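The chain that follows stands alone, in the form predicted on its own, written as structure tokens.
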Amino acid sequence: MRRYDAIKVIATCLTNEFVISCNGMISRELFTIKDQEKNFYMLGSMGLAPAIGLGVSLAKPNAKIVILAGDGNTLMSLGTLATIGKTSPKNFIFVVLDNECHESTGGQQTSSSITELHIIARSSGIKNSKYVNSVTTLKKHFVEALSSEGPSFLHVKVDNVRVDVPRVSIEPTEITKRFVNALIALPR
């Protein structure tokens, strides 16, 4: 399955969740598919989306937080998985879209072809950890994650096929402002 199609499936399942997406093509594709004030597009820094999401999930336990990251981003910050497992936020869903490369920087291969990220997540204390390789199983497991206590982790294997989408056209300060305002608006 293409990453774009995987993001589309995830976006169609979203109702009132906050989404934090990693830098690069994942943010660009999410922006094109479903831009909303509850999306935080991490621009320019690799590996930080899950750490930002963890902080938000701990600060706002009544909000469901969804992280969309690539395999390269995830591999750059594997230690965050242990912290997620240790803190075990019930409102946290971490989706890794694994195309086995750093697509945004030229397609350099990552080590995800030999790394079972879902097993690393499980051994880090994230009990709800699944491997997904089709649109059907993605939708099934993502819907399950939305309706159950987390943390949850989905290792989604996608093709290395790029869909031509524009860059995120919102300035980083505006992305932050609208995301924070949406968080502030949450009832306590």
Partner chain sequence: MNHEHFCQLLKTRGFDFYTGVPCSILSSIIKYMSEDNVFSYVSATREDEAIGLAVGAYMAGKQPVVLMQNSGLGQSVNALTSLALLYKIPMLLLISWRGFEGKDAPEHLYMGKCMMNFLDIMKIPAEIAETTRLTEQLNQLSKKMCKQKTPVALILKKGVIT
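Positions refer to the first chain, counted from 1. These figures come from a predicted structure and were not determined experimentally.
Omitted from view is the form predicted together with its partner chain, to which the following refers.
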What I'd like checked is whether Phe31, Phe142 and Pro166 together line its partner chain in the predicted bound form, meaning each has a non-hydrogen atom within 4.5 Å of it. no
Sort through Ile120, Ile52, Val135, Leu146 and report the residue having a heavy atom within 4.5 Å of its partner chain in the predicted bound form. Ile52
Within 4.5 Å of its partner chain in the predicted bound form, heavy atoms considered, which of Arg162, Lys38, Lys60, Lys130? Lys60
Note: its partner chain not shown here; in the predicted bound form, the stretch from 152 to 160, 121 to 129, 66 to 74, 41 to 49 having heavy atoms within 4.5 Å of it is 41 to 49
In the predicted bound form, does Thr12 come within 4.5 Å of its partner chain, counting heavy atoms only? no
Although the partner isn't part of this model, could you tell me whether Met1 comes within 4.5 Å of its partner chain in the predicted bound form, counting any heavy atom of the residue? no
Taking heavy atoms and a 4.5 Å cut-off, does Thr105 contact its partner chain in the predicted bound form? no
Is there a heavy atom of Ile175 lying 4.5 Å or less from a heavy atom of its partner chain in the predicted bound form? yes
Check each residue of 83 to 119 against its partner chain in the predicted bound form and list those with a heavy atom within 4.5 Å, in sequence order. Thr83, Thr87
